[in-house]
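One chain is shown next in structure tokens, namely the form predicted alone.
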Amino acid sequence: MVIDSHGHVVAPMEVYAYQAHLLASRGAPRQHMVRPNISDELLEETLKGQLDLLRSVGTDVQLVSPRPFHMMHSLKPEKIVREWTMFTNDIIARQAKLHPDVIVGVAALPQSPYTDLSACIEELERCVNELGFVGCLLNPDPMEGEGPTPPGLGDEFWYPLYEKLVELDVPALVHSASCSSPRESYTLHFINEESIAIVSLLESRVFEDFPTLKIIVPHGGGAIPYQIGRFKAWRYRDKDAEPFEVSVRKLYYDTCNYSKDSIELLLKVVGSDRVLFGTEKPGTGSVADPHTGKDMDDLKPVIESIEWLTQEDRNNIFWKNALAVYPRLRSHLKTE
């Protein structure tokens, strides 16, 4: 079995036309927040290409979340962020109902720099308990590069959300949204925020206070596994500190990296029991590598070509780790 733990929604244009209405009206007058009537037939028509792509690369199940750079967390008023988030989560829930053997939902949260986490917790509960979702995205920077950010993920600011994640037994995938800074594209912002998140979490008490909390850092762990020597040296200065190479194994990571050399290094640094198969297909990596002619996000053959991996290592990456990190996923699967 192959479980792609990192996918994003493919939706009809009517979904994004509704986003445009929300943006243009800022939620006022109220009629601009009346949702469009999108039929199951239209959803099926849009899904066909995505399902064909997944079959063509040997993916059995994909965990699907809202597309992060569309989430517009920094915008005012907060009510349009919340409406857009709930609407997109509902679209994914309908897709999952149409294809329950292939698509499993992962929720976006209506994060806003102008409110506390109560709306996020409410939406998480709705998505898990009512829609059958198995996890959520967590954006460390809902300001989207425009100004002061919330405290790092190691701060107690985030504890109410962590408490709910533990209670529901679902993980969070650290994934920033768009970026308005002229110094960063959203792709670079993803990597920078993931790197900051790892250091913040591992320099905090989070995993002492929440020992069963499960956090996934995508895109190969930002920059941290590839700069591991600097952080090891930093920790070695304190003889009583836990070695950094031990700390990084408190987190999980995925293979949305698109480089065999980098994936191999990630596996050597954190171990095959901490890495989930993820591609985002279709997404950033859905472009042909001119050297091979294959899409860069066709990662199953890449994992299979790493000669020093055992079959147990490959099983961990392709499906076992996903079931361990997403306990609610098991109930969606017919077989393992």
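Start at 1 with the first residue shown and count on from there. Everything quoted here is computed from the prediction, not taken from an experiment.
This protein has a second form, the form predicted in complex with a further copy of the same chain, left out of what is shown; the following refers to that one.
Interface residue in the predicted bound form among L98, I191, I121, M72, criterion: non-hydrogen atom within 4.5 angstroms of a further copy of the same chain:
The residue from L98, I191, I121, M72 that makes the contact is I191.
Looking at V302, L309, M296, L42, which is the one with a non-hydrogen atom within 4.5 Å of a further copy of the same chain in the predicted bound form?
For this set of options, the contacting one is M296.
Using a 4.5 angstroms cut-off on non-hydrogen atoms, would D261 count as touching a further copy of the same chain in the predicted bound form?
Looking in the predicted bound form, residue contacts with a further copy of the same chain include D261, since a heavy atom lies within 4.5 Å.
Residue-level contact is defined here as any heavy atom of the residue lying within 4.5 Å of a further copy of the same chain in the predicted bound form; does V104 satisfy this criterion?
Because no heavy atom of V104 falls inside 4.5 Å of a further copy of the same chain in the predicted bound form, the answer is no.
Can you check whether T115 is within 4.5 Å of a further copy of the same chain in the predicted bound form, heavy atom basis?
Taking the distances in the predicted bound form, the answer for T115 is no, it never comes within 4.5 Å of a further copy of the same chain.
Classify D52 as contacting or not contacting a further copy of the same chain in the predicted bound form by the rule of any non-hydrogen atom within 4.5 angstroms, answering yes or no.
Taking the distances in the predicted bound form, the answer for D52 is no, it never comes within 4.5 Å of a further copy of the same chain.
Any idea which of 162 to 170, 107 to 115, 216 to 224, 89 to 97 reaches within 4.5 Å of a further copy of the same chain in the predicted bound form, heavy atoms considered?
The contacting stretch here is 216 to 224.
Even though the chain is shown alone, can you say which residues of 290 to 306 have a heavy atom within 4.5 Å of a further copy of the same chain in the predicted bound form?
Stretch hits, in order: P290, H291, M296.
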